[in-house]
Structure formats: C-alpha cells, structure tokens
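Next up: a single chain in structure tokens, the form predicted alone.
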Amino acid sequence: MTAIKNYIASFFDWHKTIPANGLAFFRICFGVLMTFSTIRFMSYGWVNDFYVAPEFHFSYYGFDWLPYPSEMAIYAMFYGMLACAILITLGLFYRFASIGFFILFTYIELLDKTTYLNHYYFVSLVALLLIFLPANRYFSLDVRLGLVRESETVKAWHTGILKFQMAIVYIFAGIAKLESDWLFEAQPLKYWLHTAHHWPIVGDLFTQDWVAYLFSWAGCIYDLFIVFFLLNAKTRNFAYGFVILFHFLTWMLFPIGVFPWVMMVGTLIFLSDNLHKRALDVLRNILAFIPFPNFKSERKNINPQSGFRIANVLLASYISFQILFPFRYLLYPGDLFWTEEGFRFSWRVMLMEKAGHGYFYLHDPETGIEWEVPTCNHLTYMQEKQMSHQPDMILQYASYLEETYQDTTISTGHVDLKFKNPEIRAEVFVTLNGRPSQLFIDKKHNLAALENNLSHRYWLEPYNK
C-alpha cells in the first residue's frame, strides 16, 4: 500500500521533476514495436485482405461519415504510418510524427471494426498521449540537430500517465475476469488449451481440466495485481520477469498477434530510472560510430510549473474517462457477452469464445417471395466470421443488403424473383464458451427496419446458460 500511496502522491506532485531516461526509452521501444508491427501487417498481405478486397466495410457507430480511401490512398497511409513510427523511434520531427502516427493509425482502425482488437485501441491511446509528452527532449535526433532544447528531466506526470494507462489495461482486464465462466468453468481457456495438445512433452497437460483452471485463476490474479508489484521498487524486477514469462507463454499458446509484445513493451515504463539509463547508455555506445551531425543545443530542464492548470484539467478529464467508460455495460440489461452492449473498448481480453452461423433472406412483404442471400457473396471470410455473432454488425449487413437489392430482379435459373422494397430477415444461431448453439436472432424481425444505435437490443433472443 505504501508503494501505491507514493505513486499517487508523486503522480499528482506537479512540482516534482524526474529523470528523462524512462520517457526517452519508452519512446524508442514504442517506435520500434510500431515499425515492426506495421511491416508485419503489410508483409502478410493484410492491407489488401482487410481494407482493399472487401466490397463492404463495417464502420464504427458515429464514424460512418469518414470517407473510405482509395486503394492507393490506403497503401499510402500505411507507408506514412511506417515513416512516422521510424521518426518516433529516432526522435526526429517527433511532434509531427506523433500526430501523424496517431491520425493515420486511428483512421485506419476506424474504417472497419472487423479488425477490432484491444491492443489496437491501446496503441491509439498511447499515440495520442505521446503527442503531448516531451519524449524527444532527451536522446533524440531533434536534440542532436538542435531542433529542440535538451532536457534531462521531465515532469512526474509525463511518465505517470503512461503507467496509469498500463494500469487501466491490466486492472480492468482482471476485473472482467471476475465472472463465473472464467473462474468456475475455466472457459474459454479450457477450449483453447485443448488446441495445444500437439505440443511435445507438455501437450497432454493442456487437455487436463485442472490446468485450465490454474491458467484461469492465475491470469485473473496476474491482471489484478501485477501493476502493484511493478510499482514497488523491491518487487519490480521480479515482477517484470514474470511479465515476460506470462506474455511470452500466451504468445506461444494463443493466436493473439502482437498483443503480448505490446504489453511487454508497455510495462517497460515501470522499470527504474537506473535501468532506463543503462539501456540508453548501451544504445549510445552502439550508435557512437554513426556520424550524425551534432549541433549544440541549449540545455534546459522543463519547468514543472508551465501549463499547470491546463495539464490538470486535461489529465483529470482523460483519467475520468478511462475509469468510467469501461463500466458503460452496466447501463444495459442482459448478459454482456451475449448482447455485446458496451463490450468494445473495455479491456475484456480473451474472455469469450463465441461463434455463430446465420441465414439471411430477402423477403417481399407483398408477395411473400423469399430468397436466401449467400453471405459469402458479399463478405470476406473474416468479415463473415466476426459479423455472425455481433449484433451491430448484423444490423449493418442487413442495411447493406436492403440497399443492394432494392428494386432488383434475381434470376434463380427457374424463375425470376422481383424485389421492390425487400425486408431483410435472418435466422442466426450462436454458441458461447462451449455451450450448445442457441437461437440468437429470430426470423420474425425485419432487420433493415431496426435502427443501429446505442439503445438496448431488445430484438435479440434471451441467453440461456
């Protein structure tokens, strides 16, 4: 508790200055990770698969006004994002690079929620924070070229806000695990671990239920308390070693992309200034032979009083939002994992295994004519998989079908079916955390007539555990 009190006191002590090593080191690590991740995304062909190839895209609520870029523009955005990540790493034109990376990364993510992942949201938030942090005031090309004045110190909140953001991710992920399926059914870990039965030597262990329960409870305890061990100087190094072990194991076991690496890099901010300084000294020695120009830059420590009131208001607003927003699911009735109302952007990591299959129909209310629409005709495999169990995406797809088949004649080979103002009906079944598939959406609803908004989705069938 002492460590927590000290952290809170230091975080809100605007007069306190701390060494700039940690912030500079975080900037470099974040830039390297974003550079690697962008190259990885492009090299796997995902730019085409997720953003170019689909004929329809699932926009986020409130952001459907964003213009969808051309193929050339999308690739240009990814190359621009890569350039910004490299510049952030080098600390060159840092402020412009941070703004550019945040805008490009966030814009791309808002184009289609099919690709939504918690760590994409986290990256957007960190990129936003970096815009306002002086991470280029030390160990950067901006300093080396005389573009900014060097400062060996920063304000306590400059690193504190990054620690807070990491704490939000971990603690809310832990709170989300305090539910029956995770703790008392070991789901969905029981299902996922069984898929690793082919591992040599230890593969049979993953088929044992007690191992799934061990992982479930350990994961919950880890998420709830790891931040507090990282804040304590006596346990910090041990805790970070556990961070590496935990996330490396999840990376090996589960197909969750770069999320474990994002968390390993993010928690570096908790390490001591001495370790940050030693890491920068190693980098300095490695880079010593590169003939960078060295213009003299005036050295000036950052004034702790500057921008006090503005920073106070902005930080209070940001912190309040991050604490309150994940709890918005409490405003809705029903099972969160079933309705997914308030599910996104709430740090619910690896909490459910949900899959669905559905049949969509054009229905003419005047003639009673009905025709099943093959979903694969309009959606990619990834889009179809994600849409099949997410209510808001199902509504968006229904609206797209209504618009596409408005006043259309369909030739079946035997007869021509004419649809002037078709209703869109669907029969959808969903399975959640290993339970038998059950009716999710009844065919009686005209989905095209339902408004996609933030109100409760009364048209979903109730969930029976």
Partner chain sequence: MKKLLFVLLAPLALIGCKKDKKEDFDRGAMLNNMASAVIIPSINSMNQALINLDGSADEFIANPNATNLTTLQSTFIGTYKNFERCKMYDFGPMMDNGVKAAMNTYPVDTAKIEDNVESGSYTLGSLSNTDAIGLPAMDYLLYFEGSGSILDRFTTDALAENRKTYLGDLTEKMKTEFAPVLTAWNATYKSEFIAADGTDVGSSTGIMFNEFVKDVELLKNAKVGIPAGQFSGGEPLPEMTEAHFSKQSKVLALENVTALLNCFKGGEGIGFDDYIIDVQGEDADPSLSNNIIAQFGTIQTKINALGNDFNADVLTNFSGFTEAFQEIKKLVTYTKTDMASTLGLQITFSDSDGD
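Keep in mind that this is a model prediction, so the values were computed, not measured. Residue numbers count along the first chain shown, from 1.
From this point on, the text means the form predicted together with its partner chain, which you will not see here.
- Out of the listed residues 272, 207, 285, 317, 207 is the one that sits within 4.5 Å of its partner chain in the predicted bound form by at least one heavy atom.
- Think of it this way: in the predicted bound form, its partner chain has a heavy atom of just one of 322, 106, 118, 151 within 4.5 Å, and the residue is 118.
- Heavy atoms of residue 71 never reach within 4.5 Å of its partner chain in the predicted bound form, leaving it off the interface.
- At a distance threshold of 4.5 angstroms between non-hydrogen atoms, residue 417 is in contact with its partner chain in the predicted bound form.
- In the predicted bound form, at least one heavy atom of residue 385 sits within 4.5 Å of its partner chain.
- Among residues of the shown chain, residue 405 is not one whose heavy atoms approach its partner chain to within 4.5 Å in the predicted bound form.
- The stretch from 22-30, 392-400, 59-67, 435-443 that comes within 4.5 Å of its partner chain in the predicted bound form, counting heavy atoms only, is 435-443.
- Looking at its partner chain in the predicted bound form, residues 156, 164 and 423 place no heavy atom within 4.5 Å of it.
- Taking its partner chain as it sits in the predicted bound form, the stretch 57-87 never comes within 4.5 angstroms of it through any non-hydrogen atom.
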